[in-house]
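Form predicted on its own, single chain, as structure tokens, below.
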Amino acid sequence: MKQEKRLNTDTLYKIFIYVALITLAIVIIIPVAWVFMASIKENQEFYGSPWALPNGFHFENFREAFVEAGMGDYFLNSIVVTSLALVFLLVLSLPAAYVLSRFKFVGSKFINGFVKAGLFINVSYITVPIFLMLLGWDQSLRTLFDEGFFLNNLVVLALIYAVTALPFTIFLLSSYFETLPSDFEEAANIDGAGYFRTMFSIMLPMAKPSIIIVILFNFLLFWNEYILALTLIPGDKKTLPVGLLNLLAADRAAVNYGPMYAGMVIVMLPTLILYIIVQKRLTQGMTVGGVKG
């Protein structure tokens, strides 16, 4: 009787989980599918039922958004900024996380605590101080060279992105490095490998699942970031989220909905493609990190 009751409870629990997951999937998929559907509609189709299927494939919306609205330039700017930010972030965070997780030295606890404290700092709270700092540096440069450097510069924006993401990234990588067994390091030390060779040849390949998680999470963060890009790029080198907001404002005022939704698809598509490519490794990385060797 108890076993039968337990089986019934397990069955009800599984049904609840499946219903919850299916409901969540529907809640996520329907809006995304609707945006994709709306992006290929002609403008007059929006005055009918919003749930009606498009009469045809009006890809002119993408050409108008990509070329006439400048989304192509914004797309390229976002690729440059996101790629550079990821490179800067990995170059800075991987050695830092490895050292802080595998070595004990004077001040290591303080540095670890300092990094963890950075997890509680919201980027939006420090946007204005960052802008004022860069503005002051620009003004100093203009007195010497008649030209600024730090504002309206995609490389500087990428560096700011990387620095603001360091606390979370170092914390995540350190947590993973701590789960790796020390046997491989000891074997490398016996073979005469130094610290750098051990890190690059042995530890980093073992930490690949965690690195993939870091790349995916920070790609989403950098690709969709708006506040810093709007504040630090006052010129025409806009990134995709800032350009999309301008497109939404212009097309809403002109009652031109097709290119507006096409612009949304242009922003969403790289994220969806990247997630599809790495989803298996992402799941692996989130589970392997919890197992100690």
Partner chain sequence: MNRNRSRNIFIFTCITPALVLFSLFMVVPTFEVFRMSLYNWGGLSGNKTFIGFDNFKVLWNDMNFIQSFQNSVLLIVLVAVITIVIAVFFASVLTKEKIFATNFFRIIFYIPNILSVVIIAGIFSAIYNPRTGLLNSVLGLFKLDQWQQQWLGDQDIIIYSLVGALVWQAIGYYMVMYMSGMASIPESYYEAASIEGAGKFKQFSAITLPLIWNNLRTTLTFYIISTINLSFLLVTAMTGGGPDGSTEVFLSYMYSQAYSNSTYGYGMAIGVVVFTFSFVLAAVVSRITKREVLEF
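Rigid core here is just the name for the largest C-alpha set that superposes within 1.5 Å across the two forms. In this text the structure is predicted, and so the values were computed from the model without any measurement. Numbering follows the first chain given and starts at 1.
The discussion below concerns the form predicted in complex with the partner chain, not included here.
Proximity of F57 to the partner chain in the predicted complex falls outside the 4.5 Å heavy atom cutoff.
Under a 4.5 angstroms non-hydrogen atom cutoff, the partner chain in the predicted complex has M133 among its neighbouring residues. When the partner chain is considered in the predicted complex, V115 lines it closely, a heavy atom lying within 4.5 Å.
In the predicted complex, the partner chain sits beyond 4.5 Å of every heavy atom of L180.
A single residue from the set N218, S174, N77, T164 has any heavy atom within 4.5 angstroms of the partner chain in the predicted complex; that residue is T164. Contact check at 4.5 Å (heavy atoms) against the partner chain in the predicted complex: none of F145, F149 and A187 pass. Contacts between stretch 95-134 and the partner chain, counted in the predicted complex as any heavy atom lying within 4.5 Å, involve P95, A96, Y98, V99, L100, F103, K104, F105, I111, F114, V115, G118, F120, I121, N122, S124, Y125, I126, T127, V128, P129, I130, F131, L132, M133, L134, listed in sequence order.
Core-aligned CA deviation for K238 between this form and the one not shown: less than 2 Å. Superposed on the core, the two forms barely differ at I227: its CA moves less than 2 Å between this form and the one not shown.
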